[in-house]
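Starting off, we have a lone chain in the form predicted alone, written out as structure tokens.
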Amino acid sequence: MSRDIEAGASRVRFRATGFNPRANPLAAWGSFVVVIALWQLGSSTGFISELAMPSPVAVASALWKLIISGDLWRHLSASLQRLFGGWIIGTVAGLAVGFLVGMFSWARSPGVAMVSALFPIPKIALLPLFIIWFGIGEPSKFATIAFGVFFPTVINTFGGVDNVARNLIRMGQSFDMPMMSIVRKIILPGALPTILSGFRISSSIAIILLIAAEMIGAQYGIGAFILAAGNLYQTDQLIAGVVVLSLLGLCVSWLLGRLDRWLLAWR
């Protein structure tokens, strides 16, 4: 009887594998290949107008000309400086305010009220005001990006801190742990997944605001390049600039993914 039970048990498939989706790089890159192939097919057959939407071959040719001429690096370096400078300023400020709102009662009510009132405002609409305050140069662009990054960072940080199990915090307090130790060993690890998810949102917002700010007032930058190409009806260069933005977004997403795996390796 015991042998029959053991044999039956051995045939039962273990189902408690948990919710653990895995990335498939082949499927990810395959989707890009399919889209580009359909795009090229539509251009070759005349279904897609070359004037309205140049073929991938024409876009690749325009991108290659930008690379060998050095124009791409000139525009890209200007955009990267603005992007990372504004994102870092907004992220640091957002993390500080988010932790204050999440941890202290005196900061919660005014902090939530201010974020709720200012977050819905389109940040690009404030660019003229930032230009009046900081001038037409780089500070106004940094301020626009930082202001847009600040609010989602505050919201995700506050939400992450607020969702940390309170019994763990009380346990640390019962063992007379210093406040900084509780923050470093309990609150920060518990809130980190939500904070890192917020980084993905804020980085996308930063790229959008970067391009908008460069289109309004910049000599160099991907946004300025796209605007100039559109004004001259150079659609191949315009799409090449959009491709560069897409690649920039992929690179930022990859870097954040590596940061996520490094900081959350304990999971």
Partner chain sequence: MKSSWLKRSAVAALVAASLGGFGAQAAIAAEKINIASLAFVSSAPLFIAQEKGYFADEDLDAEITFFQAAQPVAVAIASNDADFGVTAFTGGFFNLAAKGGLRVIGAQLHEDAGYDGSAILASNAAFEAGLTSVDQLPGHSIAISQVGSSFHYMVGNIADKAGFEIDSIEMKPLQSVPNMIGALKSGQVDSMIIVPHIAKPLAASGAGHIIGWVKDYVPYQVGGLFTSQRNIDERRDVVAKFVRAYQKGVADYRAALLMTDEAGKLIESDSTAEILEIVHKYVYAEEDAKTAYPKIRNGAMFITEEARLNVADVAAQVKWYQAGGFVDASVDPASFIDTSFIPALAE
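Every value quoted in this text rests on a predicted model; they were computed, and no experiment measured them. Positions refer to the first chain, counted from 1.
Another form, the form predicted in complex with its partner chain, is not on view; read the next lines as being about it.
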Candidate spot Pro139, Val149 and Ile201, all three touching its partner chain in the predicted complex (heavy atom, 4.5 Å) | no
4.5 Å heavy atom contact, Gln234 to its partner chain in the predicted complex | yes
With the partner left out of view, is Gly85 within 4.5 angstroms of its partner chain in the predicted complex by any non-hydrogen atom?
-> no
Heavy atom of Val57 within 4.5 Å of its partner chain in the predicted complex = no
Answer for Met215 alone: is it within 4.5 Å of its partner chain in the predicted complex, judged on heavy atom distances?
-> yes
Only one of 216-224, 24-32, 39-47, 201-209 gets a heavy atom within 4.5 Å of its partner chain in the predicted complex; which is it?
-> 216-224
Of Val115, Ile131, Ile124, Val97, the one that lies within 4.5 Å of its partner chain in the predicted complex (heavy atoms) = Ile131
Can you name the residues of 51-75 that have a non-hydrogen atom within 4.5 angstroms of its partner chain in the predicted complex?
-> Leu51
